[in-house]
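Presented below, as structure tokens, is a lone chain in the form predicted alone.
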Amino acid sequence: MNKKDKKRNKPRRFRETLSVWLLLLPAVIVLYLMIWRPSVMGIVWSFFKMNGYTPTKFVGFQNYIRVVTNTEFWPVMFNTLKYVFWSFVVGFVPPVIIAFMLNEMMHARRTLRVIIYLPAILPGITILLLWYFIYAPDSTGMLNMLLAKLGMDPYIWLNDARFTILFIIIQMTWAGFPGTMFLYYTTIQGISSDLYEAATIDGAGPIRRFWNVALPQISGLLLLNVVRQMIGVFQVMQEPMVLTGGGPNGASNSVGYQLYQYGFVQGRVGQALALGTIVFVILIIATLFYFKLNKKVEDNL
């Protein structure tokens, strides 16, 4: 392309670039007002003494020191790590298995897809209230009704500090299961049928087809979902708030719920902003790792 052609194409490229930016402008404005500006303001204000939601005096790292030296900080961090751990134990493998089984089925596949997806269309608060009554510790709880039918005494479920987080994760897995499962399902559906046919000819059953064909093909997606699930579960807040109120005795309290307590219940806004910044830094590190991992996965596709 000669210089004359380049000069002639400059106005066209400028118009194309301008039109793209005009299309992106509403999204950029929303991102600025709803994400970038509040995030930066929250970080800056975390170094100030707050009068309500108005910064009054620069106090340096005083809010951070108060958060970290608070007796609740490390138990809450440990609880949050327990949420992440149990989410992998309970919620990571089943969506993969069910997605593969659904792909292998020959009959009633459409009906099962509708049934499995039902929790995804229910409002979040409805799901939480439903499970609150399922876990009710008296004889009105659904699980305790089943125990009574078996001649067993009622169990305290969410009031048992040893397993409260596990039971909350079971609820979260049930609610978030459909979206994750269908993500794996569509990926498995995209695997070449020739691979399955070759494995079947070699005498491979469903388990060997899953292990030798499906699993290697979705391994990149599995790695990405490890990071995504960790980021999502680390921010858990509404589940302990509705189901247990952070109890019993703080056994189910999480970083997200503690942040809510600081900011909207106890009026310790400066400490809420400091804790939010700590969580922000942790999740930024996890997100950078996610993007790096995502690039490797895309390069290997």
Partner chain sequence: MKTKKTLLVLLSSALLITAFAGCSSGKKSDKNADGKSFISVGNWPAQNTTDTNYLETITRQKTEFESENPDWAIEPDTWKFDLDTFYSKAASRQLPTLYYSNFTEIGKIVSGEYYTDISAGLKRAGYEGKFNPAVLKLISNGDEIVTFPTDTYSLGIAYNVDLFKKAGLMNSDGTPKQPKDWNEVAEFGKKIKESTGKAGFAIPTMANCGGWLFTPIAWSYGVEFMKADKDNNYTATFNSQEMIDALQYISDLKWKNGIFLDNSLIDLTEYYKQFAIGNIGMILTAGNVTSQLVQYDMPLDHIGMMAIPAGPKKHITLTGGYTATIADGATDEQVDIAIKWLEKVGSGDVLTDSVKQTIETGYKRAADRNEAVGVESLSVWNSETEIEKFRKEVREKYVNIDLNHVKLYNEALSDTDIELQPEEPVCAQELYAVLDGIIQEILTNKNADIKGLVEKANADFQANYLNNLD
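None of the values given here were measured: they were computed from a predicted structure. Positions refer to the first chain, counted from 1.
There is also a form predicted in complex with the partner chain; it is not shown, and the following applies to it.
At a distance threshold of 4.5 angstroms between non-hydrogen atoms, Pro206 is out of contact with the partner chain in the predicted complex. For Asp202, no non-hydrogen atom is located within 4.5 Å of the partner chain in the predicted complex, even though that partner is not displayed. Using a 4.5 angstroms threshold between heavy atoms, Val233 stays clear of the partner chain in the predicted complex. Residue contact check for Tyr132: one or more of its heavy atoms lie within 4.5 Å of the partner chain in the predicted complex.
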